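Only one chain comes next, encoded as structure tokens, the form predicted alone.
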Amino acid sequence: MRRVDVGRLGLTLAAPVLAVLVAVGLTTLVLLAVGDPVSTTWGTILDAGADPRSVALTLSSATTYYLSAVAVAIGFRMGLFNIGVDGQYRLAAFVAALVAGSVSLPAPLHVGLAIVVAALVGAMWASIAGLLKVTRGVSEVISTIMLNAIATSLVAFLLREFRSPVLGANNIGTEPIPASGRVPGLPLVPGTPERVYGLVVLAVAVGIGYAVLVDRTRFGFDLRAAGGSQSAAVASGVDVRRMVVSAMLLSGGVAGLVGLPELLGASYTYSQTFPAGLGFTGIAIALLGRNHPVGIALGALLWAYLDVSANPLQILAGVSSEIVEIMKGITVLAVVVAYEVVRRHRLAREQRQVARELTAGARTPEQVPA
């Protein structure tokens, strides 16, 4: 039996616990500073977890957030900062809506076509930044920011060209997707008619695939090696340029799926009111979850839970819903700080342990044979 390092385990658990305590403490100070009721605010937030409808809404939102965060995390594991997830998923959702709304296929094929199209479009759009980086040395941060702006303008232009008149004068959108291309919700939460996005299954599959690919394959090892030190990766035979393009393709492919739970499970058309900003939320959740599939899932659930709590806070507690955004920002900062504090403490602990072992193993002059 492998012996459990209690100290190491304690340090691992200390980071999230410390982050939560710091986030709660700072948020409480903000509430006191503005004169909002502290106990009522926290009570309302905690009570939201007992409402079946709120739980279902949380799971639906977390589905979308999880896909966005995994897309960002793939880039992070390679040392790439893919800020373009927002543009990638919006362009992918638009093209998928056009294709799915213009064909008639059996249900599984129809849904599968929309998923494949969205993933391909997202990967294609992200590959532009990857190719610019390896061929011209353009930072992916700059290129993906610019590509976000281009994608937003391109979608706005194409939406007017391919709009459907069925949404009325105040809104425009693509042709509605037929019933065969829609994914019905799942009654996962008893006690409420509210259903969870059916593509929560897709999010779970993506999470499992991400975990296996990054941690259990040669490609994942090369990805992590290149992200840790490109010079060391090159010395060990890893083609870093190829890994950069591959990572951007994978990241963009997952990013293309971000809008599908909403598109195929709720709106059935891409319109001017389609959700925006999910890519930037994914960055925060990936940081919160430390790029780990389980950590990202917990971060997505927390983010979605806070979103769902915003309305009850405003209605029942009389607290501005903006306090939720403050909580999110404080939580991300607290996590970053807490993990850095724990990392430094762990490093110092390991250095002391190595020093003790070297001292214990050193031989005194009397012990050296003549």
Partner chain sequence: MPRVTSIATALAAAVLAVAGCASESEPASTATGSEETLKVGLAYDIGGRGDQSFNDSAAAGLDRAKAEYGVETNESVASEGEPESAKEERLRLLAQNGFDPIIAVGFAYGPSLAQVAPEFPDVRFAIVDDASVMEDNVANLIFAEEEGSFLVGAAAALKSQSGQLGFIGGCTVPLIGKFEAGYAAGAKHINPDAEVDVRYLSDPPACPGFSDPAAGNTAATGMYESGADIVYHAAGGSGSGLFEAADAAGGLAIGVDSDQYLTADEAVRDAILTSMLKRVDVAVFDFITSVRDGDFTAGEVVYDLEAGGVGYSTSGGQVDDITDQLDEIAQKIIDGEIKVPTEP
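Keep in mind that what you see is a predicted model, and the values were worked out from it rather than measured. Positions refer to the first chain, counted from 1.
Here the subject shifts to the form predicted in complex with its partner chain, a form of this protein not shown in this document.
Taking the partner from elsewhere, R343 is found to have every heavy atom lying beyond 4.5 Å of its partner chain in the model of the complex. For the chain shown alone, E175 is not a contact residue for its partner chain in the model of the complex, no non-hydrogen atom being within 4.5 angstroms. Put simply, Y197 is close to its partner chain in the model of the complex: some heavy atom of it is within 4.5 Å.
When contacts are judged by a 4.5 Å heavy atom cut-off, A33 does not count as touching its partner chain in the model of the complex. Contact with its partner chain in the model of the complex, judged by any heavy atom within 4.5 Å, is made by just one of T273, S127, S229, S102: T273. Against its partner chain in the model of the complex, the set A119, L213 and Q351 makes no contact: no member has a heavy atom within 4.5 Å.
Listed stretches are 282-290, 145-153, 93-101, 248-256; the contact stretch with its partner chain in the model of the complex is 145-153, by a heavy atom cutoff of 4.5 Å. Within 4.5 angstroms of its partner chain in the model of the complex, the stretch 284-320 places a non-hydrogen atom from each of L298, L301, L302, Y305, N311, P312, Q314, I315, L316, A317, taken in sequence order.
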